[in-house]
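Before any questions on how it binds or moves, here is one chain, the form predicted alone, in structure tokens.
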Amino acid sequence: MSNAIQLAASDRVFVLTGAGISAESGIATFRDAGGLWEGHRPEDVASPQAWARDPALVWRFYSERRASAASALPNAGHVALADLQEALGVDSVFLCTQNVDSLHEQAGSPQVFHMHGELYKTRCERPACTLAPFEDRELYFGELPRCPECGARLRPHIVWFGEEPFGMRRITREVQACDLFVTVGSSGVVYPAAGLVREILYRRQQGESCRSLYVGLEAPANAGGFQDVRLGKAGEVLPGLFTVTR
């Protein structure tokens, strides 16, 4: 492949994936259908305020998302990233996703960092509770689930509007240590994820040799921060894109 990205066996790669790669597998983006869900804005069903106001509505929203995502299968883009982890080694490819689905795992990626949480996990609403987030594929359309440890309500293990993404310190450290920063299918408007490429710009200004690449159907809002922009479906662009030399 003439325009392949050459990687050395010692290189460290940071990959950030967004809604675009999951959309290729048939999972609707968060703001599909005119930005509304049954007449509600996403903020009305995915925020701490929504949870305080109507937890049953919030659980119905996420139960429907669980049901619709259950039949989705990973595409060639997911598989290509799993192959990259295998080629370079899982410790050399930090795969971070804004998506809450499990398509990366289904494609064979052994380590995935979900900065916005996971659709098929549930946790206690009380931060002080000792119950760890647990795997959960139940659909809650009736009675609200309760924590077996403390009796409080259980909530989706999702980062809502107004909440800080998980592990931002670790994510920032990984970006600061990578040789190649790759973003796939992200709009470039959701922060703090959209601002991560600025770390690469700063490092380059300091004389470091790191580089950045964007892959997606359309140029993102932060396209100016990337050295290389490849437009197209992730499932078509990613396979064969990376070549590892030993």
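Numbers for residues come from their place in the sequence shown, where the first is 1. Note that the coordinates shown come from a computational prediction; the quantities given were computed from them, not determined experimentally.
Unshown form predicted in complex with a small molecule; subsequent notes refer to it.
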Q. Contact between K233 and the small molecule in the model of the complex at 4.5 Å, heavy atoms?
A. yes
(Q) in the model of the complex, is there a heavy atom of the small molecule that lies within 4.5 Å of any heavy atom of A23, even though the partner is absent here? (A) yes
Q: Verify the contact flag for V15: yes if a non-hydrogen atom of it lies within 4.5 Å of a non-hydrogen atom of the small molecule in the model of the complex, no if not.
A: no
**Q.** Non-hydrogen atom contact V100 with the small molecule in the model of the complex at 4.5 angstroms
**A.** yes
Q.
Only one of 173-181, 50-58, 195-203, 210-218 has heavy atoms within 4.5 Å of the small molecule in the model of the complex; I'd like to know which.
A. 210-218
Q: Run the contact test on Q85, L88 and T243 with a 4.5 Å heavy atom cut-off to the small molecule in the model of the complex and return yes or no.
A: no
